[in-house]
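First, one chain by itself: the form predicted on its own, in structure tokens.
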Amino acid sequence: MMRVGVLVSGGGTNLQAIIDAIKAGKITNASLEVVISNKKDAYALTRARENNIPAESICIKDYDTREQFYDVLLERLDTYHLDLIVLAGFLVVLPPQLIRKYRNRIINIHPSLIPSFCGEGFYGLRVHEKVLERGVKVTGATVHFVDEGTDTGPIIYQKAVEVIAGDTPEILQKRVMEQAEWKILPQAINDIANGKIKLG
């Protein structure tokens, strides 16, 4: 059984997609061991607790330095003996020591077709605003392994989503979640858990 931890900053819609996929048997051979948020009031923590998943917040504001925050985050993750860490809307740059320790065992979901609309500053609604500004006809989502760069690790899965005339960033964000993110993230976890995608 693969032990999975999820890091999240906000509402946790991708976390919910993972929870639902486990319940529906679309993810097998994997257990959610912990959900950690960098925000105390993240609704993702409520979702976790409602599903009897250990949930904790590690807030950068509670520490004197970013290094202290990173040390505590790594320490807490280590206590769960995780096989896979999933970044599901975690708006914190991971420290190099965490990436080194969990090399090829961290995956991220990004709301565009990498290499388009990714990298520093491209997260959340901003991605969809830029997609609409640019006038592209197709966007989507990408699951990728995490390395030291921003959205630069090896791609696991991508799924395209049509941009429709009249889309607002919010409407497009919802469509990308429903048609791409909530499908390819659970699929990637299941395929890693069942050996179809090799770690490290």
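What you see is a predicted model, and the numbers here were worked out from it, not measured in a lab. One rule holds for the numbers: they count along the sequence shown, beginning at 1.
There is another form of the same protein, the form predicted together with a small molecule; it is not shown, and what comes next is about it.
Proximity of Cys118 to the small molecule in the predicted complex: non-hydrogen atoms within 4.5 Å are absent; the residue sits far from the partner. The small molecule in the predicted complex comes within 4.5 Å of a heavy atom belonging to Met177. Contact check for Val86: every heavy atom lies farther than 4.5 Å from the small molecule in the predicted complex. When contacts are judged by a 4.5 Å heavy atom cut-off, Ile107 does not count as touching the small molecule in the predicted complex. No residue of the trio Gly5, Asn51 and Pro54 has any heavy atom within 4.5 Å of the small molecule in the predicted complex.
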